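Just one chain is shown here, as structure tokens, and it is the form predicted alone.
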Amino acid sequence: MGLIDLRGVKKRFGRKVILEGVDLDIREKDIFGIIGVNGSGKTTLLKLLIGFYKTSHGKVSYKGKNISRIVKKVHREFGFTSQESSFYPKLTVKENLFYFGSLYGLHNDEIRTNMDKVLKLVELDDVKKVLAENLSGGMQRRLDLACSMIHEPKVLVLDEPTEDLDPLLRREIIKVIKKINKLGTTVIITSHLLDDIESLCNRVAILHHRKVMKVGSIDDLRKLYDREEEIHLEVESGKYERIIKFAKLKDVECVGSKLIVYTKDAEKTLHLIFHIIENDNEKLVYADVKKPNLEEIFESLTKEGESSVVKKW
């Protein structure tokens, strides 16, 4: 059993079914990613997790208890940041945090104590008197995080936290999220920016056709991917006949002075290649292993799902 468990969860609005038969467990201290195409139900799933929506069928549990029966506890222990900014632009950073702290039922002394820690965490302690509307885009996103962290939640739920940010600002937000997680906070995040999910999350769920298609670490998901890993190799002589022969490489390609090897077990194959290079007194110029990224894995698995030929693991 995880920190948060969903069993047989279904959600519909009128006749439209958004999620159906969802089973999921999210473990304590995870950075847990939820990915899927637009309209797959990612935001709906988040709102079920925080109790904002009630399930049409099935159960969402937190620490073994149905969240519909522990609403106050969920309110105290969860923080939520939506895709749209939740802060008030005409209030300063400090005023926003006092407001959100009061919504979470904190006393002024608690808000002051927590504010100092939270602002330092999100790196906004130098701008606490600045109006929110005058902050940069990256700072505003960090203020959203601060507002959802003012009550020091056990679980932080983030809906597309890096959307519409340039690559530099995205890296800043990712750094802050990792810092939050290192303090022991469980983080649940949705994003269509799969590079961000890959760099952040230790576990990922793929939503497809109203269901959770697969759950696992990036390495778990890679094992389901049909394409082989690639070893990119260059030796000083540019001659690869002996490497190909003695390593018994069957699927190779020469591109300029480099050799590309396609294999299901890159680590084992590369170890054998290095041994041959050493024995031949050859000089290694370059070696790299290219594994499929999350975007490639996602595209492959969802296409397989369309034809109902999804591997089991």
Partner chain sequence: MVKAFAIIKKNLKLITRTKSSALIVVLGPLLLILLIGAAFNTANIYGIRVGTYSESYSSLTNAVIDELHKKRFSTVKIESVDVCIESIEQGIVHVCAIFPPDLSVKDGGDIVFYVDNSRLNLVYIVLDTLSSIVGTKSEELSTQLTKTLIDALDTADKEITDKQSLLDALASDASITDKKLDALRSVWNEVDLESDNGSSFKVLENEVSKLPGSNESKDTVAGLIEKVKRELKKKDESLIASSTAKQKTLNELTNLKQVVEGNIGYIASLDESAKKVSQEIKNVKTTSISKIVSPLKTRIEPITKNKTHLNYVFPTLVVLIIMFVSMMLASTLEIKEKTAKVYFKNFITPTSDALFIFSNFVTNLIIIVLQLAVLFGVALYFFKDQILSVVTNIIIIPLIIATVFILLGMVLGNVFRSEETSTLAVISLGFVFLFFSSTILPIESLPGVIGKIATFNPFFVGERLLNQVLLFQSPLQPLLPSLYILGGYIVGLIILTVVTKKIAKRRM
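Just so it is clear, the structure is predicted and the values come from calculations on it, not from any experiment. Positions refer to the first chain, counted from 1.
Omitted from view is the form predicted together with the partner chain, to which the following refers.
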| item | value |
| --- | --- |
| Listed range touching the partner chain, judged in the predicted complex by heavy atoms within 4.5 Å, from 140 to 148, 207 to 215, 117 to 125, 187 to 195 | 140 to 148 |
| The partner chain: the contacting residue among 182, 239, 90, 175 in the predicted complex [heavy atom, 4.5 Å] | 90 |
| Listed residue that, although the partner chain is not shown, lies within 4.5 Å of it in the predicted complex (heavy atoms), from 50, 277, 70, 244 | 50 |
| is_contact(residue 86, the partner chain) in the predicted complex, heavy atom dist at most 4.5 Å | yes |
| Any non-hydrogen atom of residue 169 within 4.5 angstroms of the partner chain in the predicted complex | no |
| Interface membership of residue 136, the partner chain in the predicted complex, 4.5 Å heavy atom rule | no |
| Partner proximity in the predicted complex: residue 234 to the partner chain, non-hydrogen atom cutoff 4.5 Å | no |
| Within 91 to 107, the residues that have a heavy atom no more than 4.5 Å from the partner chain in the predicted complex | 91, 92, 95, 99, 100, 102, 103, 104, 105 |
